[in-house]
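Only one chain is given next, in structure tokens, and it is the form predicted alone.
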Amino acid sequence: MSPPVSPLATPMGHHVLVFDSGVGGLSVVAEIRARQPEAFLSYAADDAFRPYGNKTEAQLRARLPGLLATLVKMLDVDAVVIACNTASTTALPSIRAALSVPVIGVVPAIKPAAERSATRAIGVLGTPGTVHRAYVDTLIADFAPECHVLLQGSTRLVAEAEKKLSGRGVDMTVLREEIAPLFAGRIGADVDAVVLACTHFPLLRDELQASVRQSVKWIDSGDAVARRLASVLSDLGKQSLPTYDQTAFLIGPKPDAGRTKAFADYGFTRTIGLLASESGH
């Protein structure tokens, strides 16, 4: 007589939501998967409200806490990664106050850039919504007081990163125009480290390097976020994992084939569109 067959045990582990305005958070997903391949990830892209870089602090603070609370309740996650510098530098305290799970934000990598710069001249490349925040000024004062720091905001580079991951070509003229102010003049000629203060921008790392003649270290916060997440999850008890595939949820228009492929390349085997307005959730 054959022994009875036991039902398959429900998989246990940690379910993490990665949130960004678009595909930029995939640069952080890559670091998380490299450090914690066993983590179950969901992704949410706020396409309906993108780009965040030209939104006001009031607009982001009005939208994001409620939107994230809805997503956390819907998906029943153990932790949230806000894989967006603009959201993190404007709304992180209010997001944390609205959620009952740990929230890890992205901090522009000004400290490691200052430590790695031999010339003491660094650039900070982000969206206008990040580079012009007082939060960035504080990071510079705290961690790069002896450096010359050039700031450059761009929303056009966000669009180029979105294009790249959808399988369309990157406009190198746009890249050169957008980063040119970082390398202009006497200080610009000395810049040897650039902080990629938007999670979209590491997706353009090769193209950015090809757009400049001088040797530059392009520094982002992806690995630091992955390490912080690993530390947070180690303190949490494992929970039952979803039985569905790891999924990307796009808030706004129906995802096209290029977008679906981009998320599939980063381990999200399903991409689902969620209806939403630009002003609500």
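All values reported here derive from a predicted model rather than from experimental measurement. Note that residue numbering follows the sequence shown and begins at 1.
Below, we refer to the form predicted together with D-glutamic acid (DGL), which is not included among the displayed structures.
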| query | finding |
| --- | --- |
| D-glutamic acid (DGL) contact in the predicted bound form: residue 127, any heavy atom under 4.5 Å | yes |
| Residue 139: touches D-glutamic acid (DGL) in the predicted bound form, heavy atom cutoff 4.5 angstroms | no |
| Distance check, residue 51 to D-glutamic acid (DGL) in the predicted bound form, heavy atom within 4.5 Å | yes |
| Contact label in the predicted bound form: residue 158 to D-glutamic acid (DGL), heavy atom within 4.5 Å | yes |
| Answer range among 94-102, 78-86, 204-212, 112-120 for contact with D-glutamic acid (DGL), defined in the predicted bound form as heavy atoms within 4.5 Å | 78-86 |
